[in-house]
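Shown here is one chain on its own, the form predicted alone, set out as structure tokens.
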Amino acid sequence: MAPVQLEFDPSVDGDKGSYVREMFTTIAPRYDLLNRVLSFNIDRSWRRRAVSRLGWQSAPTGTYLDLCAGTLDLAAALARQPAFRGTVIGADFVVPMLRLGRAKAERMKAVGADALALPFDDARFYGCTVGFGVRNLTDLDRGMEEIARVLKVGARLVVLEFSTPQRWPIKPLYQCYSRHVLPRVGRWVSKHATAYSYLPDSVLGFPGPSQFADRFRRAGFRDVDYQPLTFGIATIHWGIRT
């Protein structure tokens, strides 16, 4: 089993970055279990939908980036595609999470990396996915610009992120679940006091789909669009590098 490659000194400026790294380091051993339980196992289908938007079939032997990769679930969803013959580099600044996920599929490499200062050459990747990670960045615009820098012209960025449902009665039901059920179950299983209270707060503080689409365009992407999933609990966003 290949070790996680460290291409930087894993440190992040700012209180939020330090908190996020400590939090995910603590909950890493039970992160996958909680994802399945708290999403009622729907998260697997969300990841499959995200991979289907990447357009990897146009370069099946290329190198792709999965940023904020965590335990490499999304990277593995791409690497396990029957016709995929390329490489997926899963990058994250929480190295313990990468270590837990590196055996999930072949054709993957795990790299410790800060999303705001990626240790990769310009235009290296044929595409990029990010699953439930961009809302944790201390500087969203800088992170989007870094992604654009390391993508080839014409490459696609696909972001899968939580969102807040807007329709009644889903919105109040979701708010009740995220504010009361999710933090209690998450705290009990993960043994972390605040991790699953941070989750709904970070979702509420994240730009809505149309606002996030504007950030895509400002970072250098065209043909930007998005698709709500499961009543708007999650949203897939995508765009093409100009």
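Just so we're clear, the structure is a prediction, and the values are computed from it rather than from any experiment. Numbers follow the displayed sequence, beginning with 1.
There is another form of the same protein, the form predicted in complex with a small molecule; it is not shown, and what comes next is about it.
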Heavy atoms within 4.5 Å of the small molecule in the predicted bound form: which stretch in 149 to 157, 164 to 172, 76 to 84, 124 to 132 meets that? 124 to 132
Which of Ser197, Asn35, Ser190, Thr63 has a heavy atom within 4.5 Å of the small molecule in the predicted bound form? Asn35
Can you tell me if Gly186 lies within 4.5 angstroms of the small molecule in the predicted bound form, counting non-hydrogen atoms only? no
The small molecule contact in the predicted bound form: Ala234, any heavy atom under 4.5 Å: no
Decide whether Phe24 counts as a contact residue for the small molecule in the predicted bound form under a heavy atom distance cut-off of 4.5 Å. yes
I'd like to check something about Tyr31: if you look in the predicted bound form, is any of its heavy atoms closer than or equal to 4.5 Å to a heavy atom of the small molecule? yes
